[in-house]
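Given as structure tokens, the chain that follows is alone and in the form predicted alone.
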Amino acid sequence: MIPDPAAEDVVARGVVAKILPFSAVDGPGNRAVVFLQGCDFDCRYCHNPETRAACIHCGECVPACPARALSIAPGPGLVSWDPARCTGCGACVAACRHDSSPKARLMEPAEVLSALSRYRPFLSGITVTGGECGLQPEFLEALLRESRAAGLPGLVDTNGSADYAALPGLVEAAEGFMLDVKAWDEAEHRALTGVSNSAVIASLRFLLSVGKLSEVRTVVAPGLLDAEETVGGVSAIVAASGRAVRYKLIRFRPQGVRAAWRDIPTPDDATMASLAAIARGAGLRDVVVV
């Protein structure tokens, strides 16, 4: 087949919610974090609810901005964001009732890397998250490839809903994957996120099989899930694979969570220690509680 030159000129673009130039908790070393907009889960304890949905340009955020960085563009009536005026106070996302942000931008991989250029000497890599970054596979793969070529290997922080077995180019381009396993029980997972966990468990098994799983994460939210069952199920599969994978057990914290779910209790030290013991008892050596 003769390649179509026009097709080769197409540049992948993705909807980027925000970019953090530094993070010490999203993978090894000091990493930049790229948040993509859009998610297919609706987790009750979501800590980034403003990255879930696309902006519908209702305009409710405009008067909430104290820096006057938001306006309604004439003609199409779309919300326009001026990053030069923005102070990052968060008033716009606090005012949004639709789990969105007026600051999401359509970007090319080169634009993302350009935004990080001034921080490049201090970075060991990037982590792409969301939202759910696996919903934008073409852009995600392109960003990972360009980032790696620039000397910044990329990790994928995912809820596991994408069929990564059908995305070999993306899997190859990634340094590794950090997978959230939120609940082991099917009904529990549906109650927590609104969807099945079958794709998540399939992603866990697949990423282990190809040696691309760097870390598994479970948020421990008392009253929302049977954490012992989840930690036990995950640990058994990871241990059986023989792969060296970190299991990070994360305490639920109310910061950034939608108001309706801020009263979920934070688990105590004894609870977290007990869960860590389950993972270690299954044979996992790298278990971290945060």
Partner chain sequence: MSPALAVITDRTLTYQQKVAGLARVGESTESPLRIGPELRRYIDAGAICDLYEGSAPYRPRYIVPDYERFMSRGSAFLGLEPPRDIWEATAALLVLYRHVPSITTFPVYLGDIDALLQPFVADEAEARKAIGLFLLSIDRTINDSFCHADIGPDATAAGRLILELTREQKNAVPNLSLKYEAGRTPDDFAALAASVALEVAKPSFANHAMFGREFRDMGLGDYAIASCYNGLPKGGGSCTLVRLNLAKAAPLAAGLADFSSRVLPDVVARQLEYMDERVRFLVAESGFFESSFLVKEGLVRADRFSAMFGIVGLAECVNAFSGGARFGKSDEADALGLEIIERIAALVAAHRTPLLAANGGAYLLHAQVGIDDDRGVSPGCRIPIGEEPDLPEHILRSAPFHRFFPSGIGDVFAFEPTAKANPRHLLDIAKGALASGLRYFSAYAADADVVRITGYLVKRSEIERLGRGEQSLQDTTALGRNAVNNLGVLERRIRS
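Small disclaimer: the values here were computed from a predicted structure and weren't measured. Residue numbers count along the first chain shown, from 1.
Unshown form predicted in complex with its partner chain; subsequent notes refer to it.
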Within 4.5 Å, heavy atoms only: does Arg97 come near its partner chain in the predicted complex? no
I'd like to check something about Ser198: if you look in the predicted complex, is any of its heavy atoms closer than or equal to 4.5 Å to a heavy atom of its partner chain? no
With a 4.5 Å heavy atom cut-off, would you call Ser23 a contact of its partner chain in the predicted complex? yes
is_contact(Cys86, its partner chain) in the predicted complex, heavy atom dist at most 4.5 Å: no
Name the residue from Pro63, Gly223, Gly242, Gly29 that puts a heavy atom within 4.5 Å of its partner chain in the predicted complex. Gly29
Scan Val210, Ala91, Leu123, Ala202 and let me know which has any heavy atom within 4.5 Å of its partner chain in the predicted complex. Leu123
One stretch from 123-131, 211-219, 100-108, 171-179 that, in the predicted complex, holds residues within 4.5 Å of its partner chain by heavy atom: 123-131
For the stretch 82-119, which residues lie within 4.5 Å of its partner chain in the predicted complex by non-hydrogen atom distance? Arg118, Tyr119
